[in-house]
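Next comes just one chain, in structure tokens: the form predicted alone.
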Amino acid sequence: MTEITTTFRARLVDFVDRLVPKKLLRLFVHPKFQEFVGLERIEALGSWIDNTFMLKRRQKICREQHVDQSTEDYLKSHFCANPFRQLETTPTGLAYVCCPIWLPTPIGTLDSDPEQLWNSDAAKRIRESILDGSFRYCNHWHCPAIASRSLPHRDSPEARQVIEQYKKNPARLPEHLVLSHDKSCNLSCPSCRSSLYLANSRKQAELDRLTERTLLPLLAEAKSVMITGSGDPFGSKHFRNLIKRLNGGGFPQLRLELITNGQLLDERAWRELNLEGRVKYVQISIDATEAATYAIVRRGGDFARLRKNLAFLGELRRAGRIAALEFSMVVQALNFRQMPDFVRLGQEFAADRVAFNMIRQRDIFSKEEHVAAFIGDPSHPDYQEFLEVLKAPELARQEAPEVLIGNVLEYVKRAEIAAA
């Protein structure tokens, strides 16, 4: 009887894992459903589903991914420093040593003791997978560094330094943090979410406790912190408060790296948050060069306001008050024709680089929505035109702004292999 029950439970879990999560998550992000049930309950249930089901699916993909000989040889001769230097927080309460899409194995929960979290058994196993050259916890397709073959060589000075430091002091706290635990944002871009999200007062208090209990101790030895990979640092009250705290004098060695849609990063915010002399890098996620397209892909944004703020940031970069400025685009059917113009936009506003990454399947998309947006599919009616756009001379630039194609060409390469 016990054996039958166990088998049934295993089959049930497998059924739920394969069929239920995406449908449920699409229901949970529907605005009317959220209004009916309550955003807090939806957020808690969504985190549970993501941590219980979707996470296991992403890990399974990594375990079962086919590694061709060229990729295997490449990984054995190259190195990634992220698991040795970086900690990333997430809205679901888990911590990672890289982007959870690229490396979907968490090292623990954010409510853990900071030192024990950073040196957990899972963290050690991941680091060993880099040292042995297997990269077995990484998604070799989604990771742009693997897909574009841009990892440093294992014998490079950078890699040797990280390896030697790890051997001498494996318990050393992270040098770099990526804070993505608050989803609050002033926009609701369709490639990211279905509706506007701002943390309420209860959630805000919870985030403030996290700052004192976990974030500040983890930042004790950090040289840089990136805010944010989940929302917008200026659209989040929590992150604005944290930036003020970090710039208040207690972390003189720390430099900020900001990922923002640029709508709220103006001269006033620069002054009020005491950002002068503290910003190492700014990435502006833009996704369009025309106002009409911008209104769709950056829902809630004002293109004229964006250009005004880009002009301000361009002045800061030219004066050396920002060390690096990057513009990014999520490539999709609505904007791929604007890729060459996007490079010119970077030139206009003194960007050091422009980065392109393919739109990916998210749980907020229906199958039809993703098929319509995913220009990397050879069966897409505009795919051949997309290939022609990729031949544009602007996309081959090496000088500023340098063009980073990210994983876009990897999708094209795989499509060609499949067709052959």
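One rule holds for the numbers: they count along the sequence shown, beginning at 1. This is a predicted model, so every value here is computed, not measured.
Missing here is the form predicted in complex with a small molecule; even so, the following discussion is about that form.
Remark: of stretches 158 to 166, 309 to 317, 338 to 346, 225 to 233, the one touching the small molecule in the predicted complex is 225 to 233 (heavy atom within 4.5 Å). With the partner removed from view, the residue among 120, 214, 260, 90 that has a non-hydrogen atom within 4.5 Å of the small molecule in the predicted complex turns out to be 260. For the options 56, 380, 353, 360, the one in contact with the small molecule in the predicted complex, meaning a heavy atom within 4.5 Å, is 360. Among residues of the shown chain, residue 71 is not one whose heavy atoms approach the small molecule to within 4.5 Å in the predicted complex.
None of the heavy atoms of residue 110 is located within 4.5 Å of the small molecule in the predicted complex. The closest heavy atom approach of residue 148 to the small molecule in the predicted complex falls outside 4.5 Å. By the criterion of a heavy atom within 4.5 Å, residue 85 is excluded from the residues contacting the small molecule in the predicted complex. Heavy atoms of every residue among 191, 283 and 287 are located within 4.5 Å of the small molecule in the predicted complex.
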